[in-house]
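Shown next as structure tokens: one chain only, the form predicted alone.
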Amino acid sequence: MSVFVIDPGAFTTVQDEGRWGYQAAGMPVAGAMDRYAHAVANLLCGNPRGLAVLEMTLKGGTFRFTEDRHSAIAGADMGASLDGEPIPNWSCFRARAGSIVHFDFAREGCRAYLAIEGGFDLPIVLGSRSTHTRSRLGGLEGRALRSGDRIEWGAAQGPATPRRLFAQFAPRHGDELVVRVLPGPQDDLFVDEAIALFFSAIYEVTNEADRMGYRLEGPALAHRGRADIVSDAIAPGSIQVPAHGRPIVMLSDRQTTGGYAKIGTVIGPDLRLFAQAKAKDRIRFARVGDEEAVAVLRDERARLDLVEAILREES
């Protein structure tokens, strides 16, 4: 009972909800970059939200199923096909023993998720199956997938049936993004003009963009003094600004501490926008306060609850 990797694609890893509880010891969280797409892919094929899936970046892989099993795709549209027939994005399908699922280059977005009924069954390391390649931990030998790999799957945990997610629950991924940001914790280390510029300028994603962080190109942000601080915690979405003045948005595989001033933090529900952003995509930052950030988080959770309830009724 396994998936055989014919072609791994550009960069494919096993990811779940992440390795929480070990940042104080210097261990990054990792986990799926687009937590909404990860959860929905699992729900589509009858899994609990947090099971391990395959996360594919920019170009998807080609996989052969050794036995019949339901599977689901979500996130970026990579032109998926099953034995040569197109598969709609944000859908669940049944693959037969010997079937081949193929993904191409991303047509829209950057990261696609392949979930399988029962989840991928790999060793749990510090509470998670997520891959963190820099420390060679988790997933399959702590690395990205290679041709010839086999990944076992677990026992089905709920009913699954071929189906497609309602369009209103399937986000589209454009190349001009508005990302909501909580100011701080070191916004006082920037001149007032820099704060105003940060929330009015358009930044562009550079080629230096991966699971650790996205470097952005755009107007330089001036510090009041030095850019360096005494190293402190880096949260998901922390926006560091080194001495050159260009923002770096820290993401799933970020280090746990850092010594650059942080002008703001991307709110959790908007991290998926960076997960699906590619080089040359344009970013505009919007200031939000604590109350709005909490409300957006509640909306995200309520949306997933509604998706789960609808899919359960369909099963």
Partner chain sequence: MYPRLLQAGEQGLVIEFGDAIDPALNQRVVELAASLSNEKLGGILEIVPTYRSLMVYFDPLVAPRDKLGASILQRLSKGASTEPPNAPAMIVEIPVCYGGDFGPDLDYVATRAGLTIDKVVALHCSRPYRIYMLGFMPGFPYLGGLPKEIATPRLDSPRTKVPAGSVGIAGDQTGFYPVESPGGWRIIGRTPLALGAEDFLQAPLYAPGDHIRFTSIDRAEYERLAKARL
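Residue numbers count along the first chain shown, from 1. All of these numbers come straight from a predicted model, not from anything done at the bench.
Keep in mind the form predicted in complex with its partner chain is missing from the figure; the text below concerns it.
Between 272-280, 43-51, 257-265, 57-65, the stretch whose residues reach within 4.5 angstroms of its partner chain in the predicted complex through a non-hydrogen atom is 257-265.
Using a 4.5 angstroms limit between non-hydrogen atoms, D188 touches its partner chain in the predicted complex. Looking at D175, you'd find every heavy atom of it more than 4.5 angstroms from its partner chain in the predicted complex. Within 4.5 Å of any heavy atom of its partner chain in the predicted complex lies no heavy atom of G218. Taking the partner from the other structure, its partner chain in the predicted complex has a heavy atom within 4.5 Å of a heavy atom of L297. Every residue in the set L126, A293 and R301 has a non-hydrogen atom no more than 4.5 Å from its partner chain in the predicted complex. With the partner omitted here, the residue from D232, D83, D121, D104 that has a non-hydrogen atom within 4.5 angstroms of its partner chain in the predicted complex is D232. Residue-level contacts in the predicted complex: of S135, T161, Q157, T206, one residue has a heavy atom within 4.5 Å of its partner chain, and it is S135.
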